[in-house]
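Presented below, as C-alpha cells, is a lone chain in the form predicted alone.
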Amino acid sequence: MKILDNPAKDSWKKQLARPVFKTKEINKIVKPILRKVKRNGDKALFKFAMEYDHVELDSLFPSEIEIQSASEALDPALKEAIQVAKANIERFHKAQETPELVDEVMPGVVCKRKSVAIQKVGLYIPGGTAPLFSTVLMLGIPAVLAGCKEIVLCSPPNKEGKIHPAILYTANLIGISKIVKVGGAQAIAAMTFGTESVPKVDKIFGPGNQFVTAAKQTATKYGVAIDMPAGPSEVLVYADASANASFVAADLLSQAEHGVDSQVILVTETEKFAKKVIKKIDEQLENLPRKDIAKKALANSRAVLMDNAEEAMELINFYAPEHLIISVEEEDKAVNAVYNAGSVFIGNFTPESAGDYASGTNHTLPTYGYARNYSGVSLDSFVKKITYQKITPEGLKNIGPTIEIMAENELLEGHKNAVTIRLKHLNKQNK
C-alpha cells in the first residue's frame, strides 16, 4: 500500500481515485448482448450459456431434484449459520416497516401516504469467483417482506449446468421459487425485456461485475429501475493507536479479496501505525486462498496519514466509502461527523464481515462514491410511497381560494377552473 502523508485537499480526488472502468469498451460488449436477448429471448440465453458459462443447458430452471439435493449437499453448520443470519436480517428489515400516515392538514382536507410493494422485482446473484448466497438473503428477505408479487432470481450456472447449492438452498428457504440459470449481462437483459421463460420486471437488484453494472445502467433507458449504481467493493478504515493493527489488516483484506478492482483505504494519524498495519497485511495475506486477487487490489489501495481529526473526517466524507470502519478513541465524535458512507462499523470488535453476512443490516451498498447521494438497499427499496388526498365540500371551501390564487399567478387557468367550477356548484347548492 502506498502511504500518503497529509495530502493537500486539491489532490484528494487524484490520490484516492478508484480503478477506472473502460466504459466504451464494456458497452461495446454489453449492448449487443442486450439486443440479442431482446430479439431472440430464451434462444439467446441458451447460446450465451454455451459461450460464457461453457455449458449446454437442457433447461433454464433448476429441477425439483436439484433444489432438494442442494439442501443435502450443504454442511449442517452452514445451514444453521444461514438460518441465524436470516432471522437477524428479517428482524431488522421487518422493523423498517412504516405505518400508513394519515393527516388532516386543515379541516376537510385529509392527506395520506402508504407503502405499496413494487410488483415485479429481479434479483441478480453472482456465482462466479464467489457464489454470493448471502446476497440472496439481503435481497430476497426485504422483497418477501415488502410483498412483491413476483420475485425472479437469476444466477449463472457452473460447467455442470447447476447453480451453487448454497444459493438454491437459501432461495428456497426464504420462499423464492422463480430461479433462472442465467448470469452476466444476459441475465439483466432477460429481466429488462422479458423472454419466453423470464418475466420482465419493474426493478433490478444485485451486485455484479463491470458488465452486469453496465447492463443495469442501460436497463434504466428501457423503463426498468435499478437499486443503485455500483462498482467494485471497497472499505475505508479510520483507526488510531487505540485500534488493533491485526484487526485493521484483516478488515482491509476482507474487501481486497473481493476482486482485483476493489479498493481499500486506511486513514490514520501516524506512519508508525500505518507501517504496523501494512506489516500485518503482509503476514495475513499469505494465508488467504484469494491472495493473488487481494494483492492486485492492494495495488489500488492507500494508507493516508492525517494528523488532524477534523480533516481526516473531511477526507472520509469526500471519499464516501461503501463500508466505513471507525476504530478510534474518540469514537462518538467521529461517528457523529459521518455524512457520506454506505454503512458504518463502530469499534474494535465490529468487523465489516458482520454486515456482509449476519448482523441484520443490508450489504447491498453504494460504491464508487455514490454514498454521497444513495442509500443502501432496505425494505424501502422494494416499495413505492403513494400519496392520497380526500377533500370534503367544507375542505374545498377552505383550501380552494388558495389554489385559485396560485394557479392564476402561474397562468394555468385550467387548474384554477377545476376548483372554481366546484366552488360555484357548492354555492348554488347552498342557496
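Just count from 1 along the sequence shown to find any residue number. Fair warning: this is a prediction, and the values are worked out from it, not measured in the lab.
From this point on, the text means the form predicted together with another copy of the chain, which you will not see here.
Using a 4.5 angstroms threshold between heavy atoms, residue 59 stays clear of another copy of the chain in the model of the complex. Shown alone here, residue 258 lies within 4.5 Å of another copy of the chain in the model of the complex, counting heavy atoms only.
At a distance threshold of 4.5 angstroms between non-hydrogen atoms, residue 114 is in contact with another copy of the chain in the model of the complex. At least one heavy atom of residue 137 is located within 4.5 Å of another copy of the chain in the model of the complex. Interface residue among 158, 172, 209, 353, judged by heavy atoms within 4.5 Å of another copy of the chain in the model of the complex: 353. Between the options 29, 403, 55, 67, the residue in contact with another copy of the chain in the model of the complex by a heavy atom within 4.5 angstroms is 403.
Residue heavy atoms within 4.5 Å of another copy of the chain in the model of the complex occur in exactly one stretch of 97 to 105, 301 to 309, 174 to 182, 140 to 148, and that stretch is 97 to 105.
Within 4.5 Å of another copy of the chain in the model of the complex, a heavy atom is found for all three of 225, 370 and 421.
Residues of 400 to 420 lying near another copy of the chain in the model of the complex, listed in sequence order, are 402, 403, 405, 406, 407, 409, 410, 411, 412, 413, 414, 415, 417, 418, 419, the criterion being any heavy atom within 4.5 Å.
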